[in-house]
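Only one chain is given next, in structure tokens, and it is the form predicted alone.
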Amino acid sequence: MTTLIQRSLPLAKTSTPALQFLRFRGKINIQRPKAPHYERARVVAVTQPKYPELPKAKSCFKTRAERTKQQQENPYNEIIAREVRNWLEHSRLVAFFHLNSITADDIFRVRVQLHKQNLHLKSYGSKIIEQAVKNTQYEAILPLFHSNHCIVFSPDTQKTAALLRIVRRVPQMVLLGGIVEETMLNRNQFVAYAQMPGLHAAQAQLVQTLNQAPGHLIQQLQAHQNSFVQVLDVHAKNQVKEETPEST
């Protein structure tokens, strides 16, 4: 019965489609796809939309100096600049260092050691330094701040040797120069100043030198008198010896 129905109704017969899988030799690169065929590329180029060009802003034609003039200065930078100027004006000892690559722990240890010696380690940006020393007597130090740096302030000039002794154990800090008693010193002059004796020792040496001059003068003035007295004393002793045998 089924065979008769299939013969009479051929459309009712079902068939399974044949499937064949194909594999490409290489992987498809999504980021850099293969260039399309010339005809297809020409069609794609023709069908691309064209959008109207946006009007150019006037700021694009301004120079960098004109754009920076319009920027408002941060008032906090002025406060920090006044702080730097205050440190420079009230510190009798100022040392400038070039700071190489160093960890935060190492710089903290150095800061603590310097603080124990009444030395204060500070670090500021080059713009703040420029704003602080502009049109002042310290404007000559600006070339020292083109790279990473740090500054050490102290109200006591006698701490120069202690500063160099602490920094000698930190090779990341390179001495560039300093200001001592409002005098700009380079590295060699700064080291030579640290090797000089202290103020009290220099004063004692000066007093000793001044005392030696009048003492030497008095000694020279009394030299003839002392020699004459010694000669008379020897002559008197010789006379006493000659008179003693005659009396016996």
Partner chain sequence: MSVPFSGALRRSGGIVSAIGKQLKSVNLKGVKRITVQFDPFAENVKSTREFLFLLSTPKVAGTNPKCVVKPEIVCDRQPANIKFALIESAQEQAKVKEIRFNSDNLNTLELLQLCNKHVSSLAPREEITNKVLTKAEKQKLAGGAGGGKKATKKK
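The structure presented is a predicted model; accordingly, all values stated were derived computationally and were not measured. Residue numbers count along the first chain shown, from 1.
Below, we refer to the form predicted together with the partner chain, which is not included among the displayed structures.
Student: Since exactly one of 77, 137, 148, 118 fits, which has a heavy atom within 4.5 Å of the partner chain in the model of the complex?
Tutor: Contact residue from the list: 148.
Student: Please pick, from 163, 175, 128, 110, the one residue with any non-hydrogen atom lying within 4.5 angstroms of the partner chain in the model of the complex.
Tutor: Here the answer is residue option 175.
Student: Would you confirm whether the three residues 101, 144 and 186 all fall within 4.5 Å of the partner chain in the model of the complex, going by non-hydrogen atoms?
Tutor: All of them do, each having a heavy atom within 4.5 Å of the partner.
Student: Heavy atoms within 4.5 Å of the partner chain in the model of the complex: which stretch in 129-137, 110-118, 148-156, 77-85 meets that?
Tutor: Selected range: 148-156.
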